[in-house]
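Okay, so here's just one chain, in structure tokens, the form predicted alone.
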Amino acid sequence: MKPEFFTLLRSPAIWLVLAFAATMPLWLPPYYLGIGVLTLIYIAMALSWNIVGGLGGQISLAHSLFLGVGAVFTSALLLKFGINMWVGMLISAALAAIMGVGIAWVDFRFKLGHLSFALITLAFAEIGELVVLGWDFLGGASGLYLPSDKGDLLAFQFGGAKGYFWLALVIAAGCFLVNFAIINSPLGYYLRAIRDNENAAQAVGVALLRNKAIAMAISAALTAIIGTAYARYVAFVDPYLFASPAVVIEVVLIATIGGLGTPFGPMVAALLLVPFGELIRGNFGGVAPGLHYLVYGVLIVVVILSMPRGLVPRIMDVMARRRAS
């Protein structure tokens, strides 16, 4: 493990931010607490996707498949076979990781370019949605209703929005630490080399399949864990939410606006965009449904034109120039 990782863990600022975030359920009104839970979930999803899309440069649209595995399959195991959601979450994470490795193998075997990879992963996501909609075991188009939350931690129940906020905070912090650890590890260097020039990376001995498969497995497993937590929080597993590629497209937009390849970019963008989008939807949803997607679209155009590397890298560049001057 690189020294930078332990330096981060020893940083008082990180622990102060976490401590402040942990107190938010104690004073936030219920409406804003719900927005906080959703924001943390999107932070975690954007960070898990960033391992593949940001560090590895592989624009994967299959992460809705992994999210669906965590949400839909874990819930089906609970409802059909009585399998505890903690156990189901681990099973789903392992299954998602295997699927991720399979997608990485397809990419390596057929030498897909970036556009081809995006289209292939979108096809996998669409197939996953059709499987969920057409299979009664997974709830079909009607979805799955989870049992009421009685606050039993052993049954993966956290007793309301406060408990789920703390759960989402732990998951988001874990995804951030995994990102930071990978960036400062040999895997991170290999992924950046593959992203910048795949042929050159292979020429100097970087194992393409192994590193892509490891990155995809980690990213897929984290996404499945997030899916399980998200499903238990909303208590209704809607296939059009958890299995639709629309959710991963939103995650890609968030990560791109914030800045790919850094753990701070997706986190900062989600902190800004998700609450803003939810407030717009809550106040103007009846008048202009989908307005928050229009805002996302405008922002992505502005960022691409004025800050091609994203919001956080641009801020870091400005700060570096000011220190140099």
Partner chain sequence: MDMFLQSLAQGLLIGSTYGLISLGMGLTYSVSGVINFAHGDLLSLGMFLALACFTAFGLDPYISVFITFPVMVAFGALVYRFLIRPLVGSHVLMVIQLTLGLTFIVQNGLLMTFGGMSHRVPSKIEADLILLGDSVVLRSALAVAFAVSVALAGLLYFVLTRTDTGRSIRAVHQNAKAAALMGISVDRVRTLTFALGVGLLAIAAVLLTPGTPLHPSQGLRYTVISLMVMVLGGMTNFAGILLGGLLFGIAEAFGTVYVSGTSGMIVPYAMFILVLLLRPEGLLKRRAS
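Computed from a prediction, not measured in an experiment: that's the story for all the values here. Residue numbers count along the first chain shown, from 1.
A second form of this protein, the form predicted in complex with the partner chain, is not displayed here; the remarks below concern that form.
In the predicted bound form, none of the heavy atoms of F264 sits within 4.5 Å of a heavy atom of the partner chain. In the predicted bound form, the partner chain stays beyond 4.5 Å of every heavy atom belonging to G174. Using a 4.5 angstroms threshold between heavy atoms, D238 stays clear of the partner chain in the predicted bound form.
In the predicted bound form, at least one heavy atom of H114 sits within 4.5 Å of the partner chain. Across the options 89 to 97, 153 to 161, 215 to 223, 125 to 133, residues that bring heavy atoms within 4.5 Å of the partner chain in the predicted bound form belong to 125 to 133.
Contact with the partner chain in the predicted bound form, defined as a heavy atom within 4.5 Å, holds for exactly one of I300, L279, L272, L28, namely I300. The partner is absent here, but in the predicted bound form a heavy atom of L253, alone among L78, V178, L169, L253, sits within 4.5 Å of the partner chain. Taken together, the three residues A62, M85 and G102 all stay farther than 4.5 Å from the partner chain in the predicted bound form, as judged by their closest heavy atom.
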